[in-house]
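One chain comes next, on its own, written as structure tokens: the form predicted alone.
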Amino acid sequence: MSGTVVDNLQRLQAVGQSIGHNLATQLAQWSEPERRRTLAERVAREFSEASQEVASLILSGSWRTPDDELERRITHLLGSKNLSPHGTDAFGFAPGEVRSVVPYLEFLYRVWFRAEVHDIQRVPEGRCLLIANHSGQLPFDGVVIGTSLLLDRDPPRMARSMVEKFATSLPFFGTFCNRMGQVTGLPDNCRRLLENEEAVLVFPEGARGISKPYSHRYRMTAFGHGFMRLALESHVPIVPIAVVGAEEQTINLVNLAPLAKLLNMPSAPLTPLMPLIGPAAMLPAPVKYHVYFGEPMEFSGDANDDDAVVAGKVAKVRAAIQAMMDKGLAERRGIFI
């Protein structure tokens, strides 16, 4: 065996030993009683502070949008040229019916998640793609982004989310999704919405992102390229969005892939409380959300370019989201506050 090969093997062995030592040290530190106690005390303190904030909001009623302001916002949506005389568009979206669910959306947004939104006015008028990281096992991140555009942007906009076919195919719930403006995530559907000057919300990570285990939190999975090809084809700006907080709302220990396949679901996460309370363990914890809207990004080129060319453009969007996410993680005080 040549000296070069031996040297490389020895270096590889040294790296492996170093990684193993560091991992063992980290595990030992986290297993120390003092470290466990400190973590438990911090979580308890944060949760207590968050509980007091939630109680104060509920008792004061300050989280509710005044009726006249809410009516103004719904009326603005009803003024869309894309609606038929019956108040719906070609996909079944019914702005008038949104009014009845706003109290529930607003409670989740302002009380349960106490969402803080940054630079929402960066979302332009007219057609655009809203591209965000995805996490949390259930798509409450999409709910929060959509509610922010409805309640905190002026004038309001309705985010038309591209959702999994699984969701829109469910009895009753699928119809509800359509009424609330959500659309099955197919390229033709996205193309038609953009032609109608809509703001389309896309999670390029798809099911891979929302169902990743807790150990991979705030590490985005690979982005699909479809949104970029549509942006190039339709000549629309891309608004990068970073969501901080959703990763901790539901702790996924492992994805039970065989069970997901059996039930024809995108994923089947196992959470710590699921053995005790069953499906109720999927309900989100009252974590605090932070949503960051980035500067619109515009790209030029051929929508039919090679994957390598499109991948370079996709990487720029992903990097913009990661930068905002890193900034948000560095600035937040805790998971619940």
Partner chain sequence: MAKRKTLAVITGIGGRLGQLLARRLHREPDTRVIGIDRRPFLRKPSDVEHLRIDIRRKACEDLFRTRRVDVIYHLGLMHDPRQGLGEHYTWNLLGTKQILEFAQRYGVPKVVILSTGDVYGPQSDNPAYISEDAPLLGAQRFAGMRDLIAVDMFAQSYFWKFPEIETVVLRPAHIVGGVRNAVSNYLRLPRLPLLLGFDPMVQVLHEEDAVSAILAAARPGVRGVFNVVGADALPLRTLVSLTGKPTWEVPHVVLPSLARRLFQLRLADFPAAELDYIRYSATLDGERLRTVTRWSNQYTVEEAVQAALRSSVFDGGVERLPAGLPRAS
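Numbering follows the first chain given and starts at 1. Treat the numbers as computed from the prediction; the structure is a model and nothing was measured.
The form predicted in complex with its partner chain exists for this protein as well; it is not shown, and the discussion that follows is about that form.
*Among 179, 217, 76, 118, which has at least one heavy atom within 4.5 Å of its partner chain in the predicted complex?*
Checked against the cut-off, the match is 179.
*Heavy atom within 4.5 Å of its partner chain in the predicted complex: which of 205, 247, 198, 89 fits that? Just give me the one.*
Contact check passes for 89.
*Okay, which stretch from 109-117, 132-140, 206-214, 185-193 lines its partner chain in the predicted complex, with non-hydrogen atoms inside 4.5 Å?*
One stretch meets the cut-off, namely 185-193.
*Hey, in the predicted complex, does residue 100 get a heavy atom within 4.5 angstroms of its partner chain?*
No, residue 100 sits far enough from its partner chain in the predicted complex that none of its heavy atoms falls within 4.5 Å.
*Give a yes or no for residue 170: in the predicted complex, does one of its heavy atoms lie within 4.5 Å of a heavy atom belonging to its partner chain?*
Yes, residue 170 lies within 4.5 Å of its partner chain in the predicted complex.
_in the predicted complex, does residue 261 come within 4.5 Å of its partner chain, counting heavy atoms only?_
Residue 261: no contact with its partner chain in the predicted complex.
*Is residue 235 close enough to touch its partner chain in the predicted complex, meaning at least one heavy atom pair within 4.5 Å?*
Residue 235: no, not in contact with its partner chain in the predicted complex.
*Is any part of 249-277 within 4.5 angstroms of its partner chain in the predicted complex by a non-hydrogen atom, and which residues would that be?*
Not one residue comes within 4.5 Å of the partner.
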